[in-house]
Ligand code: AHR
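What follows is one chain in structure tokens, specifically the form predicted alone.
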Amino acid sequence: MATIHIDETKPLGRIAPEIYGHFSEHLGRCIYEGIFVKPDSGIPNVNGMRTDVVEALKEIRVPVLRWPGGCFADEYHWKDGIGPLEGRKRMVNTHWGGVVEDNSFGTHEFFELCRQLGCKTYVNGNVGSGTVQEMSEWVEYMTFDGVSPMAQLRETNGHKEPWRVDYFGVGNENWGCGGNMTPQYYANLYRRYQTYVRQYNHDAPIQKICGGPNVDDLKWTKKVLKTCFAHPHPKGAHGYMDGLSLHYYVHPGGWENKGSALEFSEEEFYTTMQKALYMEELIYLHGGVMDEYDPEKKIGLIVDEWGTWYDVEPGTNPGFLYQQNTMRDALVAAVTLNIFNNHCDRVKMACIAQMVNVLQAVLLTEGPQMIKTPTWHVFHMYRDHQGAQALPVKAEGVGTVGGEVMPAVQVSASVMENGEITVTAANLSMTESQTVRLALTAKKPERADGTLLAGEAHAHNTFDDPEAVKEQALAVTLDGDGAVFTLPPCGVAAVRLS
């Protein structure tokens, strides 16, 4: 039996809802066909936004959405995507498939999507191929409420009132596709560019996100922070940033041969679990460097690209990054979100890559059809963690699995204002069930219930069988100071105690 001790008397801090954020890039069928459709598509929509997709995303309470990239952000020129559709520039999407980008989804459409979702906005600016003036004018266009050329242009294009930009990323992956820069060079550019991300709305200031490292590149983290914190901004202790990004993808077979989303061995399964668990070490590594400059943890670690990345599905455009989604992916999502919950003192936002039809998508579409992936169900099961207080958890009696040194059961817990405790647990074994006992420190629960997502590791939903993997009720038995339940192989559970 695995015993999970939960100390509800010593909360760790608030789990920022933004940890459950999403990413939508101009890549493959994520936006076009996935989220946004043309008026003559025959697919139900509101102002171009697919009704089925919006409703499914609202069910998981999407808290924040990042756009327009990704690598695409550093070749995106925002003025190409405003004004009458017939006047918008057509361009080649050089990063993703070499297809024509007609810019029919631009700034106005993004804010309309966020309005329908009821979520915060995270806009990524162009440092790689854009100018300071271009970025400055975009911020003015989006947020200035007054008389100015950009505010007038916004009104001319049909939106008199300014929008709210909650987060603004100054460049993306500038160590790679965003310009192949050195950390010192980018850090100095960041200091310059962020100066012109003006705070026009002081009641709702924009949080500025600095481009951080790729995986375990501590050199990048150290040199960027040294440059941006050597002379902290005189108006506050944040230096020049509110967050530092981190990108990490799980490649079971490595970058060159990522492996199949659907056809994988037991060895590949456990390699995937190990690589998902590596997220915690990355938080310790980069968080340790951040602590040298920001011991009070005022700067958030922003993991704005994470998830599984496999070889594309056979017969699809290799530049579209379309892949299926199995129970293995559900476990990666569960493990990763548990890690974020447990490190909510440093991780303040995260965005799974990506929202629809790309990489570890929560939704897949094909024409008028839409399916919810196992990953969608994990986000749905975990939704009550958003804004709750994280609780310390400690596992006992849990051995290694699959011949690998890793926990058989991996967990996180939180408590809401009404006192209800949510515990989410993932069984990382491909073949063995686990009896799990939850033990509280002081409280004796009077009610317990749960939800389970389970299936063989390769199980997934298809357009012919959209509910092959779905949530079901989990039997939970009260047991003194806690509760007991059985977690099947490859199972993810959400248990509620009150």
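Just so it is clear, the structure is predicted and the values come from calculations on it, not from any experiment. One-based numbering along the sequence shown.
Another form exists, predicted in complex with this ligand; not displayed. Remarks below refer to it.
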(Q) Can you pick out, from R154, R328, H377, H247, the residue that has a heavy atom within 4.5 Å of this ligand in the model of the complex? (A) H247
Q: Note which of L391, M273, A353, M142 lies within 4.5 Å of this ligand in the model of the complex, where distance is taken over heavy atoms; exactly one does.
A: A353
**Q.** this ligand in the model of the complex: contacted by all of Y20, V332 and L337, heavy atom 4.5 Å
**A.** no
Q. Only one of 161-169, 305-313, 184-192, 262-270 gets a heavy atom within 4.5 Å of this ligand in the model of the complex; which is it?
A. 305-313
Q: Please check if L27 has a heavy atom lying within 4.5 Å of any heavy atom of this ligand in the model of the complex.
A: yes
Q) How about I421: is it within 4.5 Å of this ligand in the model of the complex, going by heavy atoms? A) no
Q: Answer with yes or no whether M416 is in contact with this ligand in the model of the complex, where contact means some heavy atom within 4.5 Å.
A: no
Q.
Would you classify F105 as touching this ligand in the model of the complex, given a 4.5 Å non-hydrogen atom cut-off?
A. no
Q) So which residues in 47-85, when you check this ligand in the model of the complex, have a heavy atom no farther than 4.5 Å from it? A) G70, C71
